[in-house]
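Given as structure tokens, the chain that follows is alone and in the form predicted on its own.
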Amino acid sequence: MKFRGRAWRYGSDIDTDRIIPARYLNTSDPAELATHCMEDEDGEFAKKVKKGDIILAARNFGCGSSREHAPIAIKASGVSCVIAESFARIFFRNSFNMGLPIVESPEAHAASRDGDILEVDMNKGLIRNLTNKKTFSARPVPPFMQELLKSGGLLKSIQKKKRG
């Protein structure tokens, strides 16, 4: 799996309330959630994000509550991938369950800036910053988890296996 897009750079401890504020949890419609994605962290994000863009964050991205709405909102906004130094464990699992590709890389955040163009190769475990010509290692994503992503998430993967 490969992704390429503009980086939206954020700091540490971006919790799920910052990703999708609780006041919007009265819906589970992905398109509606996308219009409020990152609203309390970056009021311009939902208006300016383009299909394929990449969220780049420091430590502990997705901490806080265990809501599945957070990865749904990110994916529905058009973000192709989230790169962070580390993820909160429940967000990590929810992302794969919802079909949102995420990659851990301690170096990518520190050496990249907002707006840089990044390329992610999940198969090789590489992140390339095409703007500053630097390359970073990423923690490999096991093949079975990549299959979840290719299927669109856990439920779609199960449905696919049941059909044959």
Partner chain sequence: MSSMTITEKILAKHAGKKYLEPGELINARVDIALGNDITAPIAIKGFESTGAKKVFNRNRVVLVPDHFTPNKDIKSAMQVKILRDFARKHRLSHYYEGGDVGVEHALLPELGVVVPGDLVIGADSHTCTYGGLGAFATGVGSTDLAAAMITGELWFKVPQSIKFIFHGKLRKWVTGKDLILHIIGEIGVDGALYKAMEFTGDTITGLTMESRLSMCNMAIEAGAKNGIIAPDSVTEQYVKTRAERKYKFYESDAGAKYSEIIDFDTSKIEPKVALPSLPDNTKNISEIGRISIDQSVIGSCTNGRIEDLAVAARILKGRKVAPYVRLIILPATPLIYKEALRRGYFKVFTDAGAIISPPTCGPCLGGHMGILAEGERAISTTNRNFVGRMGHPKSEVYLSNPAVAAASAVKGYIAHPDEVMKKKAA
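Residue numbers count along the first chain shown, from 1. Quantities reported herein were computed from a predicted structural model and do not represent experimental measurements. Here the rigid core means the biggest group of C-alpha atoms that line up within 1.5 Å when the two forms are laid on top of each other.
What comes next is about the form predicted in complex with its partner chain, which does not appear here.
The contact residue chosen from Asn97, Thr35, Thr131, Ser137 relative to its partner chain in the predicted bound form is Asn97, the criterion being a non-hydrogen atom within 4.5 angstroms. In the predicted bound form, its partner chain sits within 4.5 Å of a heavy atom of Ile158. Val82 falls outside the set of residues with a heavy atom inside 4.5 Å of its partner chain in the predicted bound form. Of the heavy atoms in Arg18, some are within 4.5 Å of its partner chain in the predicted bound form. Although the partner is absent here, Ser66 is a contact residue: one of its heavy atoms lies within 4.5 angstroms of its partner chain in the predicted bound form. Partner contacts here mean any heavy atom within 4.5 Å of its partner chain in the predicted bound form, and among 66-74, 119-127, 105-113, 49-57 they occur only in 66-74. Contacts to its partner chain in the predicted bound form (heavy atom within 4.5 Å) from stretch 75-99: Ser86, Phe87, Ala88, Arg89, Ile90, Phe92, Arg93, Asn94, Asn97, Met98. Taking 2 Å as the criterion, Lys156 counts as shifted between this form and the one not shown: its C-alpha moves by at least this amount when the rigid core is aligned. Asp13: CA moves less than 2 Å between this form and the one not shown after rigid-core fitting.
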